[in-house]
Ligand code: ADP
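Take a look at this one chain, the form predicted alone, written out in structure tokens.
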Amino acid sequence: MERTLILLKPDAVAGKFCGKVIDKFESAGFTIRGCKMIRLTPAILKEHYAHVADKPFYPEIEKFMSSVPVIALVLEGEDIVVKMRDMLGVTDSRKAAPGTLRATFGKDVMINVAHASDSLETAEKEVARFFREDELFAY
């Protein structure tokens, strides 16, 4: 089984559709191993978005991602990274395939429901960034 990190973004939290999104994850057979609501700090955002932190658009990302608390999830399932990215759709919600979560709930490249790890290696790092081992559960 594989694990991935999902951050339900401020648009999902403020839009009050987190439950609908989580229901889709569980209906797809994924298991929640960790879940918490957190307010993202500038330090954690700079670390998480290090690959774009030097870009001119980064301040917009930081402002948006810290505007409302997010819901962080660790989900587990077979081939979860690939399946999750398929469920979400492409990053730009305007180009996401009909039926994907981003096509259903998203608005654009930033306001797009959720962050999802893009590989197993990234997932491992991101899970460790947002969750301590004692916050992850097997049952």
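Residue positions are given as counts along the sequence shown, with the first one as 1. Given the structure is predicted, the values throughout are model-derived calculations rather than measurements.
Below, we refer to the form predicted together with the ligand, which is not included among the displayed structures.
- For a residue to qualify, one of its non-hydrogen atoms must sit within 4.5 Å of the ligand in the predicted complex; none of K24, A97 and F105 qualifies.
- Segments offered: 38-46, 25-33, 68-76, 52-60. Contacting the ligand in the predicted complex at heavy atom distances within 4.5 Å is 52-60.
- Of the heavy atoms in V81, none are within 4.5 Å of the ligand in the predicted complex.
- Among residues of the shown chain, M110 is one whose heavy atoms approach the ligand to within 4.5 Å in the predicted complex.
- For the stretch 68-84, the set of residues having any non-hydrogen atom within 4.5 angstroms of the ligand in the predicted complex is empty.
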